[in-house]
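We begin with a single chain expressed as structure tokens, specifically the form predicted on its own.
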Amino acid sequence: MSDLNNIPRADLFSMFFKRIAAVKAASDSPVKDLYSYPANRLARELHPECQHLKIKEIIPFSDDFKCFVFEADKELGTEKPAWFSAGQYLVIAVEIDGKVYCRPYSIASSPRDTLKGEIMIAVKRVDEGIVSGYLLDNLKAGDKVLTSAPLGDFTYEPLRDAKTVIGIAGGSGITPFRSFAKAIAEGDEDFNLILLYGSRTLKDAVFSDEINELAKENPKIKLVNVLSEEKKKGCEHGFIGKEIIEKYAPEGEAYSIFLCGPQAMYDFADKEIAQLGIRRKFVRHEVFGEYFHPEKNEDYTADISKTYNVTVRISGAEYTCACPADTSLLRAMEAAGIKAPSDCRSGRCGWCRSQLISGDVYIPQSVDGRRIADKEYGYIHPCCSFPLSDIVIDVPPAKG
């Protein structure tokens, strides 16, 4: 306002009338190409509806763990992979036996790698994992893949997070931390990373050597391998709990904790972290994918052996499928060939948000990311909802 006060009144009137004249002189026909505007082009590059990529290289660590390096498939309209924040993920869509499956995979490369036209994910074979097995056993260099734009909020935010982050990684949960470490080394992230990496043996600690090399060159990065099934010099032994966290935490300073790993690791680590008295905002969980075995929870009292009928309504059409009590509604819909929306598959993003018309479901408290209003008005996330009766559900159409 002070700048305007310094402009002579005559000049202000002149600017006003010039703008009025420019608006009147402009064409009133619709804009044919919205992307002729630089702001719209930039928005499309940063937040594309989807990305058409193809496999540039496959880096095998074992038959059960591989890295897939993607490049843009320019023939299908993607000029380059979208820029992302370290810690985000891609949703990979694949067709298997005529059915479309979507799965989230953390990005392992650094944001700066997109400037070279590359983006990388790591895939580990998962028990009952339809998609992970398919990707590991079937994909080869040159194959085309459809993915989402970068998604997720497992990112560092200086307004929320402490200057030091203690990362807790288990198994393939090391993937986003590789991205964090590279981003720190390349100057695109500015925080101290103390990474506690849990593995069975040192041989299983994928990316460990690479992150250690980054740590030698950058004092903001520190890696501590924690081995559960062997003892090695320079490594901790056991599981990542309260004592190990306190041993490496900065003394007298606030710190954040970022966790990424399997469900069992979260169940154990959360109980240990609760003993540290850390403010809730300083504890961040990456989505770990689908929730399995709801019957292991103390508050689950239903008969896990039963199978229920699910009626699915999508944009006026109606489908039916069977859903065992230990299977999420989303997984049952996919198995039946019903195309339903999904991104994180962990109850957080809300992309699969659907209305429960009738019936009852069980939702594990640890993954119930619904808003209060959704709970009150009967909306659920099918990705982490398990049937307790026959179900009728109204599902939004899937994108694409």
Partner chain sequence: MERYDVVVVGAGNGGLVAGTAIAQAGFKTLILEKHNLPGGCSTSFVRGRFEFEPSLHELCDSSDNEGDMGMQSIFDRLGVKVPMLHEKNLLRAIVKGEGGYDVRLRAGYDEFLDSMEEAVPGCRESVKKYLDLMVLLNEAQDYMNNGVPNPATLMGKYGDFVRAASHSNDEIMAGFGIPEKAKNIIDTYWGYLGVPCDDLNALHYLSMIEAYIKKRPAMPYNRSHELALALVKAFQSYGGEIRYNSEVTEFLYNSAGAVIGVKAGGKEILARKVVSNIIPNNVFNMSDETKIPKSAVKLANARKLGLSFITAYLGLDASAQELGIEDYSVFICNSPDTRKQYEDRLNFGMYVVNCLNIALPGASEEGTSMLFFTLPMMPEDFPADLKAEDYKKYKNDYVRRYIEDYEKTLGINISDHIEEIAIATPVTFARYLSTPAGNIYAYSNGGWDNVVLRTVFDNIDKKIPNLSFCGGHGIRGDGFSSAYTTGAMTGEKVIAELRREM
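Only the largest set of C-alpha atoms that superpose within 1.5 Å between the two forms is called the rigid core. Positions refer to the first chain, counted from 1. Owing to the predicted nature of the structure, the values given are computational and were not obtained by experimental measurement.
Keep in mind that the form predicted in complex with the partner chain is missing from the display, and what follows is about it.
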Point to revise | Partner-facing stretch of 68 to 76, 137 to 145, 245 to 253, 315 to 323, counted where any non-hydrogen atom is within 4.5 angstroms of the partner chain in the model of the complex | key: 315 to 323
Review point. If you check in the model of the complex, is D153 within 4.5 Å of the partner chain, heavy atoms only?
Key: yes
Review point. Heavy atoms within 4.5 Å of the partner chain in the model of the complex: does Q355 have any?
Key: yes
Check your understanding: Is S62 one of the residues lying within 4.5 Å of the partner chain in the model of the complex, judged by heavy atom distances?
Key -> no
Review point. Is there a non-hydrogen atom of R370 within 4.5 angstroms of a non-hydrogen atom of the partner chain in the model of the complex?
Key: yes
Check your understanding: Taking I96, D113 and A302 as a possible spot, do all three reach the partner chain in the model of the complex with a heavy atom inside 4.5 Å?
Key -> no
**Study point:** in the model of the complex, the residue from H237, H293, R160, R200 that sits within 4.5 Å of the partner chain by heavy atoms
**Key:** R160
**Study point:** Contact set, 39 to 58 vs the partner chain in the model of the complex - heavy atom within 4.5 angstroms
**Key:** A39, N40, R41, L42, A43, E45, L46, H47, E49
Check your understanding: After the core is matched up, is the C-alpha of R353 off by 2 Å or more between the shown form and the other one?
Key -> yes
Check your understanding: Aligning on the rigid core, do we see the C-alpha of H47 shift 2 angstroms or more between the shown form and the other one?
Key -> no
Practice item. Examine V367 after superposing the rigid core and state whether its CA is displaced by 2 Å or more between the shown form and the other one. Key: yes
